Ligand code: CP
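Next up is one chain by itself, shown in structure tokens, the form predicted alone.
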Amino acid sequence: MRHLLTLDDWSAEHIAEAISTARAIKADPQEYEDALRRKTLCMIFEKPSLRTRLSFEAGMNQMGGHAIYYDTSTSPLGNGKETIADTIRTMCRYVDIIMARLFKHEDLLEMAAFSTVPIINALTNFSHPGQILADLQTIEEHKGRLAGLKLAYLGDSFNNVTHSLLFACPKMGMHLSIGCPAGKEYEPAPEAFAAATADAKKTGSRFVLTHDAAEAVRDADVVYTDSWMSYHIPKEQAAERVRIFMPYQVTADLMKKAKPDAIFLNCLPAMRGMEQTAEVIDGPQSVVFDEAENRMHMHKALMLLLLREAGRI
């Protein structure tokens, strides 16, 4: 049973297959309108979402299937009256595939251990693989390739987006530059750092971590940032985090240090005047809404590929 838990588990070939499938579905959605006919997706939500819920639910509907929204806050799972193991073993008797958007990555691993259907990680505190696959799709659409491109990521790097970039970009032959404050609470987790270093050696790509935003962005083909206030960050830390991360804000001047045709990504939601200025996210180099749209096409592709491999279609 193949799941999508982290991109560390997926080969470059699996990643490329997901991207090509998503692009094919996007180009000719009618060809796939019955591909998941009478299949059922259960969407487990512990964390709130706009893009994740809509992209999965609309995508399943457009491919002829049905999606069930399962809110853990109003369920036996959420109030501690039922275990993860019992919940998942029951759920697998009703549905063909599961996506889960959770706080703890360990909970996702426990779900996968008991599941007899494919599970897609729709975000945990450690990993956000579907997002990064959609990002790579977006980059390939705008740049025509992945290998040899430089992606610069700026800001909070001890988060799920950065970890997933580390697991994916060097594996695909992309040069990756991380610009963030010093300190273990702001830098990537050691296991993600180690994976990126190892994959970069195998593919001949470059991986650099720096505390200088200008150095990180220099000659980049893609500039990427994410929220400074992830879901798990207490609101009372906001002012201090703004002070710490402001040197990594993506401004028009910082974008000028990238290549002239560089594109700008943010997985959204975004706060103008925080991780980037309005001039950047609303400017001509921004492709954030192409990126958001591609979440749906990529989620369609993931459901199709995983269900096909599991022998359920």
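These figures come from a predicted structure and were not determined experimentally. In this text, residue numbers run from 1 along the sequence as written.
Quick note: we don't show the form predicted together with phosphoric acid mono(formamide)ester, though the next part is all about it.
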Of these, Ala58, Ile68, Leu268, Met274, which has a heavy atom no more than 4.5 Å from phosphoric acid mono(formamide)ester in the predicted bound form? Leu268
None of Gln131, Gln137, Asn121, Ser157 but one has a heavy atom within 4.5 Å of phosphoric acid mono(formamide)ester in the predicted bound form; the exception is Gln131
I'd like to check something about Arg101: if you look in the predicted bound form, is any of its heavy atoms closer than or equal to 4.5 Å to a heavy atom of phosphoric acid mono(formamide)ester? yes
Can Thr52 be called a contact residue for phosphoric acid mono(formamide)ester in the predicted bound form at 4.5 Å between heavy atoms? yes
Evaluate Arg295 for contact with phosphoric acid mono(formamide)ester in the predicted bound form, applying a 4.5 angstroms cut-off between non-hydrogen atoms, and reply yes or no. yes
If you check in the predicted bound form, is Pro260 within 4.5 Å of phosphoric acid mono(formamide)ester, heavy atoms only? no
Of 164 to 172, 86 to 94, 123 to 131, 69 to 77, the segment with heavy atoms within 4.5 Å of phosphoric acid mono(formamide)ester in the predicted bound form is residues 123 to 131
